[in-house]
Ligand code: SAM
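In the block that follows, a single chain appears as structure tokens, in the form predicted on its own.
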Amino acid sequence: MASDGYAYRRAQMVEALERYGIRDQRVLDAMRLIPRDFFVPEAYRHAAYSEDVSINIGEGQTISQPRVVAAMTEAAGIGPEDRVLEIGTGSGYQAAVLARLARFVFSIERIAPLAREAKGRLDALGIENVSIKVMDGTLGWRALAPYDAILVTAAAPDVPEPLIEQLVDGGRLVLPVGARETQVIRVVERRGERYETTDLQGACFVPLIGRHGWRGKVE
């Protein structure tokens, strides 16, 4: 899939992720394959493979650091037959990584221009198992639920109830939760009617806007 001049930089990035503690070989292989430079503005491509750098992609949004993408993806524990919901398509990079791991990826983006651009990138790479919809991501995508895993790439003040409800039994929700300035990445695993919660690490994401997130305009 990636036949450009960045293969060596990707390999270096993956080595850094392994040193950071990422152990899921499927996640590492996906991130070694997906051309992250293709998902960032041309002016920032020199920084695309720095493992601890987030990049502005326009519309007030960012593409997360590779180590955060890897940590959240690993925590989701995605299997090859899984159905995954992503909240916050952004550039499309996280969806592309998920597409290498899951059977189907359903991604929600509230900003229509970002959704269109992400779809164009995924189409250009021949990634066919990702569906994108423009809507309020805090509501989830109930028509296609339930999901084996849900990843949220924006920070919520609390865990959105609709997302928990759309998990299968044993499913995992991974999202940053906290204040607008700083958050913690939280994993919520559904066990029947109970939910087990684990906090992974600190984070700093853009706010999750919507009915069950921070107040603001939803496109």
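Note that the structure is predicted; figures quoted are calculated from it, not measured. The first residue of the shown sequence is 1; numbering continues from there.
There is another form of this protein, the form predicted in complex with the named molecule, and it is not shown here; the text below is about that form.
Within this chain, Leu208 lines the site of the named molecule in the model of the complex, having a heavy atom no more than 4.5 Å away.
Proximity of Ile87 to the named molecule in the model of the complex: non-hydrogen atoms within 4.5 Å are present. In the model of the complex, Ser50 stays away from the named molecule, with no heavy atom inside 4.5 Å. Residue contact with the named molecule in the model of the complex: Leu144 places no heavy atom within 4.5 Å of it. The candidate spot formed by Arg83, Phe106 and Val174 lies out of contact with the named molecule in the model of the complex, as no residue has a heavy atom within 4.5 Å of it. Only one of 147-155, 22-30, 179-187, 165-173 places residue heavy atoms within 4.5 angstroms of the named molecule in the model of the complex, namely 147-155. Think of it this way: in the model of the complex, the named molecule has a heavy atom of just one of Ile132, Ile111, Leu101, Leu125 within 4.5 Å, and the residue is Ile111. Applying a 4.5 Å heavy atom cutoff to the named molecule in the model of the complex picks out Leu114, Met135, Asp136, Gly137, Thr138 from 112-148, in order along the sequence.
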